[in-house]
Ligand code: CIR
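Quick heads-up: it's one chain on its own, the form predicted alone, in structure tokens.
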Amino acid sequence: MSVSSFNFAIVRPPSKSCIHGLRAADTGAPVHETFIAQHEQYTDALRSQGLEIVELQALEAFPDSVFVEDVALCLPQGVILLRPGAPSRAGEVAASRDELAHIFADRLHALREGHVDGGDIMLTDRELIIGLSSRTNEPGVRALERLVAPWGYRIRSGPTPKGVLHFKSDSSYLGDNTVLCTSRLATTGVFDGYDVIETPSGEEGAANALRINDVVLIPTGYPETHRVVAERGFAVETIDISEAAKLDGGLSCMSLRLMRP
């Protein structure tokens, strides 16, 4: 079964405190009402592809908590609570533990050392590629490797370009051995052996796409990326995530996705 096949997703709506969320560059604070509307459209897009959705409660104490992917890694064999690298986000794991334990029971595990953000983890059909970034370090990668090795996963780490928040800010796995990424990440050679689609110049923000079953979701505003991905035979739909983008957020980071039995 493809790693892009899902029937279940967990989301968390943006809190009113999202205006205080972390960002590399200040392009303006997100408008909470607009962010809520866009998040509902995002959730509807997942639902339209046949996914059952569980919506957790907003966490006002954590402005970045809408980005649920950073706190956990979902694999068929189990779900691993991660250790986000930003100090202001560390408490999100404890705040999410009971909620995720209720859903996954004895399939829930925890990273105990180092730091890993979910936004730095790319799951392909053959391996886990983890980007070393300001949020993810080598001790975290090694600790994660020890957790997933008994499940048969191979892990290797790669570089995250300077000034880029997460590895998947600049890349996404589209399935069928195909990666969409920026040219600055492609030139590192981390995707050698994969079929690489580079985002056209000026459309680097489209690199964080999201393959859900038979559809690739791409943020609105990137027509050339839409065209080149569609020309490769993928069904493409666009979705407006402009408010999440103000907090360096993308399509993948606003949900935890998996195939439940």
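Throughout, we count residues from 1 along the sequence that is shown. Since this is a predicted model, take the numbers as computed values, not measurements.
Omitted here: the form predicted in complex with the named molecule. The next part is about that form.
*Asks:* In the predicted complex, which of 63-71, 26-34, 222-230, 196-204 comes within 4.5 Å of the named molecule (heavy atoms)?
*Replies:* Only one stretch passes the 4.5 Å heavy-atom test: 63-71.
*Asks:* Just to confirm, with a 4.5 Å cut-off on non-hydrogen atoms, which of Leu165, Leu180, Ile130, Leu82 contacts the named molecule in the predicted complex?
*Replies:* Of Leu165, Leu180, Ile130, Leu82, the residue with a heavy atom within 4.5 Å of the named molecule in the predicted complex is Leu165.
*Asks:* Even though the partner isn't displayed, in the predicted complex is Arg89 close enough to the named molecule, meaning a heavy atom within 4.5 Å?
*Replies:* Looking in the predicted complex, residue contacts with the named molecule include Arg89, since a heavy atom lies within 4.5 Å.
*Asks:* Contact between Ile239 and the named molecule in the predicted complex at 4.5 Å, heavy atoms?
*Replies:* Ile239: no, not in contact with the named molecule in the predicted complex.
*Asks:* Using heavy atoms and a 4.5 Å limit, would one call Pro14 a contact residue for the named molecule in the predicted complex?
*Replies:* Contact with the named molecule, no.
*Asks:* Under a 4.5 Å heavy atom criterion, is Leu22 part of the interface with the named molecule in the predicted complex?
*Replies:* Output for Leu22 is yes: heavy atoms within 4.5 Å of the named molecule.
*Asks:* So which bits of 247-261 sit within 4.5 Å of the named molecule in the predicted complex, heavy atoms only?
*Replies:* Stretch hits, in order: Leu247, Asp248, Gly249, Cys253.
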